[in-house]
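Next up: just one chain, as structure tokens, the form predicted on its own.
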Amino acid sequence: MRPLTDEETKTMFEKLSKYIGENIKLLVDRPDGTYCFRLHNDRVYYMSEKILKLATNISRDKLVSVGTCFGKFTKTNKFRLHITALDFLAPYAKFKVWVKPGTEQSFLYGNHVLKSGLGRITENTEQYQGVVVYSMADVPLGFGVAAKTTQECRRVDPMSIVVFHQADVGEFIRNEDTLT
């Protein structure tokens, strides 16, 4: 387990800023202590500094994971967010999408959100902006990328895709044998 390099930190923070903007600093400087990001086996973990100090007593080859996995770096050094980061991203999300109850199940099966399933969308959402997807009861379901701006969503036909699927809480069940 090691700290992220400058390039890795920049790549990860660019991805996080698509979803939570400048609220990234609220993840690190929290009122309950200082938190940090560490890299272990190409995965980025988010943990308190207390946990980090305790984890140094375990050798690298025996350490499976520590803290919360925020995502992983691909072989081409792109950062891919994991669904485990949803609980930390949802409270700070700048752009949100609420889906109708009938669309929740479709989204949780890994499908994109269509206009017909769109309940609400945050004003001034840009195209290709990172969004957090909520149920109408304000339960975070996952995250995605807006396929259309807020204005385009109002006048597009009902079968058009408005949010591209990125990750959802249904991944725990669909991929339980491959998640580590």
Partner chain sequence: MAACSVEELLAKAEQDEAEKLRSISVHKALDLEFDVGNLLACDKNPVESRSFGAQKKEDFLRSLARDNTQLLINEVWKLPTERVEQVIVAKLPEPTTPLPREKPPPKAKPPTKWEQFAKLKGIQKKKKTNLVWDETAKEWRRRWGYKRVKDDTKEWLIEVPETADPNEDQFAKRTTAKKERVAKNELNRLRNIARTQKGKTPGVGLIPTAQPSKDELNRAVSVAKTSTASAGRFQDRLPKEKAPRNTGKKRKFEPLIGDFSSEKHKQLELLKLMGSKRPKLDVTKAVNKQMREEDREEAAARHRKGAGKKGRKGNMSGKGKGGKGGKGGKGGGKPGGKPGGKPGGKPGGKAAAGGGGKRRSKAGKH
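For clarity, every value in this text was computed on a predicted model and none was experimentally measured. Numbering follows the first chain given and starts at 1.
One more form of this protein should be noted, the form predicted together with the partner chain, which is absent from this view; the next part is about it.
Student: So which of 65 to 73, 133 to 141, 45 to 53, 111 to 119 is the stretch with heavy atoms within 4.5 Å of the partner chain in the predicted complex?
Tutor: Going by heavy atoms within 4.5 Å, the stretch is 45 to 53.
Student: Examine I161 and determine whether its closest non-hydrogen atom to the partner chain in the predicted complex is within 4.5 angstroms.
Tutor: I161: no, not in contact with the partner chain in the predicted complex.
Student: When the contact criterion is heavy atoms within 4.5 Å, does C36 count as touching the partner chain in the predicted complex?
Tutor: C36 belongs to the contact set for the partner chain.
Student: Looking at the partner-bound form in the predicted complex, is D32 within 4.5 Å of the partner chain by any heavy atom?
Tutor: D32: no contact with the partner chain in the predicted complex.
Student: Considering non-hydrogen atoms and a 4.5 Å limit, does the partner chain approach Q151 in the predicted complex?
Tutor: Output for Q151 is yes: heavy atoms within 4.5 Å of the partner chain.
Student: Among T103, S106 and R174, does every residue place a heavy atom within 4.5 Å of the partner chain in the predicted complex?
Tutor: No, none of the three is in contact.
Student: In the predicted complex, which residues of 1 to 39 put a heavy atom within 4.5 Å of the partner chain?
Tutor: Result: M1, R2, P3, T5, D6, T9, K10, F13, E14, S17, E22, I24, K25, V28, D29, T34, C36, F37, R38.
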